[in-house]
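There is one chain below, alone, in structure tokens, taken in the form predicted alone.
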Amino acid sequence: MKFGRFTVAAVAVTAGLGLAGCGGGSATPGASGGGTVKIGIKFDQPGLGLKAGADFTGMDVDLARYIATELKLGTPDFVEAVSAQRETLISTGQVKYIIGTYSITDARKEKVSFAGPYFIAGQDLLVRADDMSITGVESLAGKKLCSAKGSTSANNVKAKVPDVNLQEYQTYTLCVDALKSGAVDALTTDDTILAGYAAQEANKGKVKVVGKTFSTENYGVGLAKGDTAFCQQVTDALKKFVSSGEWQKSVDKHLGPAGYKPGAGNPPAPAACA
């Protein structure tokens, strides 16, 4: 098909206006496959959100893609959302939404809104495989404990064990490296994340999950504060993700190989948007 110069120019202007009017979203909202939508995920969490070259894998990645397709937002353009930067990424419109083991908390709800939860995890500890001294959170007094900046995990432990020596790194991958080198004694975060690390080929036989959870973490989809309409759309997509069997399929594919079994309450029913 041939187009005249004026027709091509009109198309180009229209496309440009579409892009300009959709910060963090699709260039052509409502058109399946049109444009891109920026979505925040984790890049370093095996089984949940992992970037390997140009590939992205994990349960959170599956859900991020499912929502983008279901709501016809466009092709996902993934942005790394480290824990300490998530609220900023959302509030400044750098991403449309974030799915990255994002625990729903009252403090966070003051800055962003959540759809969900879509998964219930529990906080645990990762230690060196030959370390028999740490059997639970009560064993951490005086120990060097690593967690990621901005995560709820560190605050939970600090509240339970005030004299723990907390070390906060930018990512959990750095914590795993520090654990294997002996720079820290343990890593704490959600059991889903720890299971993924323990199952990685480079870590097999070197680290282990203690297996004694001490919190409940409700994962949600973070989005712009007060955007109730979009929250409801995402909530409907979450329900369909579960009812269609895609939730279980994703869990089995990404967390099953680590021997992980979802705990009580899974899959959870999303809360009402407010």
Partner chain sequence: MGDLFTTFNVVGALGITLLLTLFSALGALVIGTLVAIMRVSPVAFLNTVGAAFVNIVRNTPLTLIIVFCNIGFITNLGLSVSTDIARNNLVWAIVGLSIYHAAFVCESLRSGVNTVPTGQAEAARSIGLTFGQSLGAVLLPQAFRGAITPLGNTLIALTKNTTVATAIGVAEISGLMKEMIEFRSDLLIPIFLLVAFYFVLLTLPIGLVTTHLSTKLAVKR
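Remember, it's a predicted structure, so these values are computed and weren't measured experimentally. Numbering follows the first chain given and starts at 1. If you superpose the two forms and keep the largest set of C-alpha atoms that fall within 1.5 Å, you have the rigid core.
In what follows, reference is made to the form predicted in complex with the partner chain, a form of this protein that is not presented.
Between 197 to 205, 127 to 135, 69 to 77, 158 to 166, the stretch whose residues reach within 4.5 angstroms of the partner chain in the predicted complex through a non-hydrogen atom is 158 to 166. Within 4.5 Å of any heavy atom of the partner chain in the predicted complex lies no heavy atom of residue 93. Using a 4.5 Å cutoff between non-hydrogen atoms, residue 183 counts as a contact of the partner chain in the predicted complex. Remark: residue 139 does not count among the residues lining the partner chain in the predicted complex, judged by a heavy atom distance of 4.5 Å or less.
Using a 4.5 Å cutoff between non-hydrogen atoms, residue 192 does not count as a contact of the partner chain in the predicted complex.
In the predicted complex, the partner chain lies within 4.5 angstroms of at least one heavy atom of each of the following residues of 68 to 92: 83, 84, 86, 87, 88, in sequence order. Relative to the superposed rigid core, residue 77 undergoes a CA displacement smaller than 2 Å between the shown form and the other one.
Comparing the forms between the shown form and the other one on their rigid core, the Cα displacement of residue 159 reaches 2 Å or more.
In the predicted complex, the Cα-Cα separation between residue 257 and residue 128 shrinks by 3 Å or more relative to the displayed conformation.
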